[in-house]
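Next up is one chain by itself, shown in structure tokens, the form predicted alone.
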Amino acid sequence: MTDPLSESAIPASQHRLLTAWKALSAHDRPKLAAEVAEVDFELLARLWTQAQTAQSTETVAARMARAGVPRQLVRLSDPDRQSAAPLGEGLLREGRVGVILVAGGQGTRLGFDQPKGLYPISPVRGATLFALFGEQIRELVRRFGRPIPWFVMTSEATHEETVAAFAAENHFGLPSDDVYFFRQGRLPALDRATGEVLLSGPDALALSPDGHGGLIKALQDAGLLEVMATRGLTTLFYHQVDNPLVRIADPTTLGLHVRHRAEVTTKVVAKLNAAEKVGLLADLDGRTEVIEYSDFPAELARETLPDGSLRFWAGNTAIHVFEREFLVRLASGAQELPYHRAIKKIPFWDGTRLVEPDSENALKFERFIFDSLPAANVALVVETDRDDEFTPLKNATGDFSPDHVRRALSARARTWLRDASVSVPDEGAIEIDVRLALSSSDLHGAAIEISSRAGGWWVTGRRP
């Protein structure tokens, strides 16, 4: 028996998919039917057409040549930031802040076959990424006396395991009603030559996550933009799962966001060098944008100022603050985020077997949340200290590996303690209890205890 949901939903131009559908028995069709029901074939047709008329490298380079320093920029040395914290604290005390965590990735590049958020990363306790984030939110709730709802975006690959892990850990001390899970969307890969969707098996599409820019649609589809409104949230702190140094909902950043009446605020760090593979914040045609490093001409990336520093220095940390109303406006479709294409080598089902292609055979499409910046009435850029807030976990070895990240966490703890005139052991891993300090300033005047633990040093105590 034909399933009208699927066959009627498949355009006639999708010959490979129609053939696969007709070859399946009624018993074997439900899985493919469910995946087909997710697909917006009109969107795919538009993306395919756009891919055939992609912007040339020369045009990109010419546009990048007009780039300048972001217009709304707060540097580390700016005195404006010193008095902003009370404004951010006010938001937290009024219960107007929520946190968005993008956690759809797996730890494949780390040789870890679970959601990346379950990777044990803290230098002394071996606490997971999820635990480090949850503990920060719990401490903020304790200090400011109001709930901070936590919105966790998963993917098909990570959802069930993530939800189970949070439940097993009692949601890291947070009420379960304050933690919301929602799935990232997916898009099928297209055959590079024909524009037809690829299959990964006789009853399955070759689906991939639609990028962190899919957040907005995912929130809308899950009804969470309405939940945010009902709960009185006006401001959302956003970060990704791979950066354990992130200081969640820190009052200074929230306060600067409020003071400048920003719709989106982005934290940046000074690039390590011209070749570092990180997106750049810049002004383009009067709007602040994030420019992917792959789109930025190498000669421009190497340009320096008279003092020898890079002209384009502001590296994207993927830490943002959004106004909820801005996300609602984007979700309405009034200002849609663009899709980016990637040419990939993707195995595909040819009707009888799974084929491993010799060359790039497919187009994948995804959206990036940073593409929302040009749509904002005010897009604020706030510089932060890399050593204090940004060392993402990316690779199994070398830079941004677990060893690198653990060293960075220990180094930050030592810096905080020494800034507070606390004598610290020179050797060994060191970790500070989040109940004692969320920032360096929390340690000033505190009664501090340092004890040996698991081959390192565990710091606890009591704040004044």
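Bear in mind that the values here come from a model prediction, so they are computed numbers and not experimental data. The first residue of the shown sequence is 1; numbering continues from there.
The same protein also exists as the form predicted together with a small molecule; that form is not shown, yet it is the one meant from here on.
Student: Which among 268-276, 288-296, 306-314, 104-112 is in contact with the small molecule in the model of the complex, heavy atoms within 4.5 angstroms?
Tutor: That would be 104-112.
Student: If you check R183, R143, K394, H340 against the small molecule in the model of the complex, which one has a heavy atom within 4.5 Å?
Tutor: Exactly one listed residue reaches within 4.5 Å, namely K394.
Student: Have a look at P209, P251, P244, G95 for me and say which one sits with a heavy atom within 4.5 Å of the small molecule in the model of the complex.
Tutor: Only one option qualifies, and that one is P209.
Student: Is it the case that K116, M153 and Q240 all touch the small molecule in the model of the complex, with a non-hydrogen atom of each within 4.5 angstroms?
Tutor: Checking in the model of the complex: K116, M153 and Q240 are all within 4.5 Å of the small molecule.
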